[in-house]
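Listed next as structure tokens is one chain, alone, in the form predicted on its own.
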């Protein structure tokens, strides 16, 4: 079966987990892993039979076979790499908070984005976990204010996550408005040092203009099923709780364990979202739609 060849920039934990997820893909075929220095991630990819390089974005940009690229580095790195990939005609899924292209949360707005998009921003792990719930509530109750708290295990926050904390909160808060539909928003991240490591938990708090408890419950349940189609470890720890015009939901993410441990649900959900979106884009490429 024909597949679309892909490359990954960034051989760290996120990039390596992406590689393992792509191996299970219906429409994507892993070809190249690239970084800027020799690393365990590149060594692992080479041992698995894939092309590796220390030339960064250049390595995938110059390969005409590669149609889709996953950027798994940092926001500053993607700001530098984005023009290179664009000029080379690559379709990029940006795992950083750089937000060069439009935000995409697959179950909310992927179908609304045109086929001319060449840089899909995957928001943040917290955004992938919470924006869909805010969107579901907003669809039936009109969210005036949304606030989310993403609590993740400190062990699952690598150097990239820690270096991008400010971008995480800004990007997530913005996506709650742009994609989720909230009028105003706020995002907070907590790195929990507990042992044993905790699973990713996301508290979503919304103040609504038109409270309809049954409609909100139904809308949230339907959205959770859509998320679970590409993130099997997603579930509600606490279903919608109502207090006057306020709605609170707590969602949990357990990682699939493809490469990273189950407590790294924060990394798993953004990778699942990226691969899920790339599957759809790849299917369009294979059908000649784009």
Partner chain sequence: MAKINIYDTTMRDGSHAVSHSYTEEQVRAIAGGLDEAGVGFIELTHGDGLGGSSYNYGFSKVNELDLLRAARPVVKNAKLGILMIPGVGTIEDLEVCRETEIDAVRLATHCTEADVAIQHIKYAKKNGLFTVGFLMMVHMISAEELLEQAKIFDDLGVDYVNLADSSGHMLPHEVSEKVSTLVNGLSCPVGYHAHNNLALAMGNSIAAVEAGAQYVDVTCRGLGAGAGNCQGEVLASVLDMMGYETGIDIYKLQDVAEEIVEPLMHRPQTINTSSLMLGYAGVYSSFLLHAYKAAERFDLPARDILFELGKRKMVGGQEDMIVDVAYEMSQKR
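Keep in mind that this is a model prediction, so the values were computed, not measured. Residue numbers count along the first chain shown, from 1.
One more form of this protein, predicted in complex with the partner chain, exists but is not displayed; see below.
Contact between residue 211 and the partner chain in the model of the complex is not found at the 4.5 Å heavy atom cutoff. The partner chain in the model of the complex comes within 4.5 Å of a heavy atom belonging to residue 207. The partner chain in the model of the complex is approached by residue 154, whose closest heavy atom lies within 4.5 angstroms of it.
Proximity of residue 47 to the partner chain in the model of the complex: non-hydrogen atoms within 4.5 Å are absent; the residue sits far from the partner.
With the partner left out here, the partner chain still marks one of 189-197, 112-120, 93-101, 77-85 in the model of the complex; by a 4.5 Å heavy atom cut-off that stretch is 189-197. Checking 43, 226, 58, 246 for any heavy atom within 4.5 Å of the partner chain in the model of the complex turns up a single hit: 246. With respect to the partner chain in the model of the complex, the three residues 165, 169 and 201 uniformly fall within 4.5 angstroms at the level of their nearest heavy atom. Applying a 4.5 Å heavy atom cutoff to the partner chain in the model of the complex picks out 237, 238, 239, 241, 242, 243, 245, 246, 250 from 236-256, in order along the sequence.
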